[in-house]
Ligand code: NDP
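Just one chain is shown here, as structure tokens, and it is the form predicted on its own.
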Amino acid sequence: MKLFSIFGNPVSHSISPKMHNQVIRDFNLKACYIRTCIQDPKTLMQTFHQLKLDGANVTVPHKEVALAQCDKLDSFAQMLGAVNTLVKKNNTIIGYNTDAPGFYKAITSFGKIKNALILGAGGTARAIAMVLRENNIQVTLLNRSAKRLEFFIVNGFEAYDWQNFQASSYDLIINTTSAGLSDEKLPLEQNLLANLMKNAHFAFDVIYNKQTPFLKLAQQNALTCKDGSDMLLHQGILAFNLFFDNRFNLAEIERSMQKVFLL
């Protein structure tokens, strides 16, 4: 039997096990998907081997740490500097990133977007920034501190910390921080965020299955909003197929996984 897990901290809220186990049941596979909370990021790969996993998904805050612990990296994950999917092949752990295509698929319903403001500067922000730029959307990063902005500056993105931010108008505002996941915090000072939203059209929070303070404020400002459910779905579809050597039809995986979101 193959064994897979979600790695992160926290992970108790994660519906990834339900998504993947639904497909496993529908496809009659001998496999199981579990949750594993990783408190010390240094133990991530050690835990992978101790559990004798065949693959894992990685969520906040371990996507950048996971990359450094892989034996081999997919070229896109290496470019991003962040991994969200681990696959064991011939005793080698390969790191992939399915966040970027998963996010872009999730925002297609918004329509045309010229520019976007990303709040946060972690692994998810890296994936989103890259895929937006690949699709000719101008990207600005805003993070509490400057120390995590180096990746974005080196790669030619406009990036600010809270102290030197020069506000502009943005079609889309994206929260990639954990603010609102297990608390009622906003990812940015309320007055500033509200002013930014007055000139925006769309808001996206990577947190899913929760009406976060960020999304509540966006709705108060009449923005078209989405939580991270569609992103989770589409990155999960790609990750599942990587776990099984890309041998399944993506549309069939999607039909199976969508059942979890309809419950």
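Source: prediction; values computed, not measured. Residues carry their position along the shown sequence, with the first being 1.
We do not show the form predicted in complex with the ligand, though everything after this point is about it.
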Within 4.5 Å of the ligand in the predicted bound form, heavy atom basis, the matching stretch of 137-145, 87-95, 110-118, 71-79 is 137-145
### Message
Just checking whether F27 would be counted as a contact of the ligand in the predicted bound form - the rule being heavy atoms within 4.5 angstroms.
### Response
no
- [ ] Determine whether any heavy atom of V131 comes within 4.5 Å of a heavy atom of the ligand in the predicted bound form, and answer yes or no.
- [x] no
| task | Considering only heavy atoms, tell me if I207 and the ligand come within 4.5 Å of each other in the predicted bound form. | result | yes
Q: Check whether K185 has any heavy atom within 4.5 Å of a heavy atom of the ligand in the predicted bound form, and answer yes or no.
A: yes
With the partner omitted here, the residue among L215, L238, M197, V60 that in the predicted bound form has a heavy atom within 4.5 Å of the ligand is V60
Taking the ligand in the predicted bound form and a 4.5 Å non-hydrogen atom cutoff, the residues of 223-238 making contact are G228, M231, L232, Q235
